[in-house]
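The chain below stands alone and is given as structure tokens, in the form predicted on its own.
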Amino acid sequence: MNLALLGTGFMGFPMARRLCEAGHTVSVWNRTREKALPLQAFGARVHETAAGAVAQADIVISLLESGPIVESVLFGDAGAARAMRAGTLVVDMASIKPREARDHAARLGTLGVSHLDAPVSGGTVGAEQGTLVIMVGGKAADFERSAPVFRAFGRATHVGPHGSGQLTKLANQMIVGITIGAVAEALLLCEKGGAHMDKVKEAITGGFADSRILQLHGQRMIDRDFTPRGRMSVQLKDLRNVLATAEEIGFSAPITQRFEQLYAEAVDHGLADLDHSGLFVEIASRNGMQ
């Protein structure tokens, strides 16, 4: 397939590489062009502009940072949407608000361009290994059309109409962000009380408290390894999107509201660029622990 990928950051770079390795013709664009240039070694064509990258694409994959940036690249001065041919399919894999996804789908539709919102979970490890979980909103026919793209990335599930993929991603981020906090607080409580964190993790592995968060993020906490895979600032953005969406539909989310405050305070304390498991650092600091 003739594909374009917009945004070659932490997630976009390995995903573009996987598309090249799967045999697709891949055009890429990134705001900082130098970050995309190494993809040439895998066969990708690096374009100066987003409009140039998408002009001949059958499917355009977006891996941009936020809803406003997606809107700017598609409909602003970058002119990507206007450069697409009628019949092109946009697969937006950014994590944005459901209402933004529905708006983008409607505006693209007036240009004869189809749309799926397809955010992912699995982080950079999943992007590199092709084990991402992909939550897809939009028309079933467009979901089937995108199957070769999704196969290169991991496992995709069609969850409903436009915006449903983003709503599912918000649910995912609620669970991830809250569970990171639970794991951090529990491990720190045990350390404060004199137990060894690594042994605590070992002891509860396999029980009801076990989870991927405990295994992956818990180990990062034990190792004090907060190299960003999913940044604290991005986790905060996602929780704020949850609360904005909850307000729109009249839903009370008190647990998410409290964790939004915790992540916001961690960011205010200079932890924005840590991995989101770095909430551990904020909780440790509150307890006078290193």
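Residue positions are given as counts along the sequence shown, with the first one as 1. These figures come from a predicted structure and were not determined experimentally.
If you look for the form predicted in complex with another copy of the chain, you will not find it shown, but the lines that follow are about it.
- You can rule out all but one of 107 to 115, 145 to 153, 85 to 93, 129 to 137: in the predicted complex, only 129 to 137 has residues with a heavy atom within 4.5 Å of another copy of the chain.
- Although the partner is absent here, Q290 sits far enough away that none of its heavy atoms falls within 4.5 Å of another copy of the chain in the predicted complex.
- Contact between V46 and another copy of the chain in the predicted complex is not found at the 4.5 Å heavy atom cutoff.
- Proximity of S27 to another copy of the chain in the predicted complex falls outside the 4.5 Å heavy atom cutoff.
- Another copy of the chain in the predicted complex is not approached by G79, whose heavy atoms all lie more than 4.5 angstroms from it.
- A heavy atom within 4.5 Å of another copy of the chain in the predicted complex is found for one listed residue only; from A264, L37, A55, A253, this is A253.
- Not one of L6, A22 and I69 is positioned with any heavy atom within 4.5 Å of another copy of the chain in the predicted complex.
- Contacts with another copy of the chain in the predicted complex, taken as any heavy atom within 4.5 Å, map within 176 to 198 to V176, I178, T179, G181, A182, V183, E185, A186, L188, L189, C190, K192, G193, G194, A195, H196.
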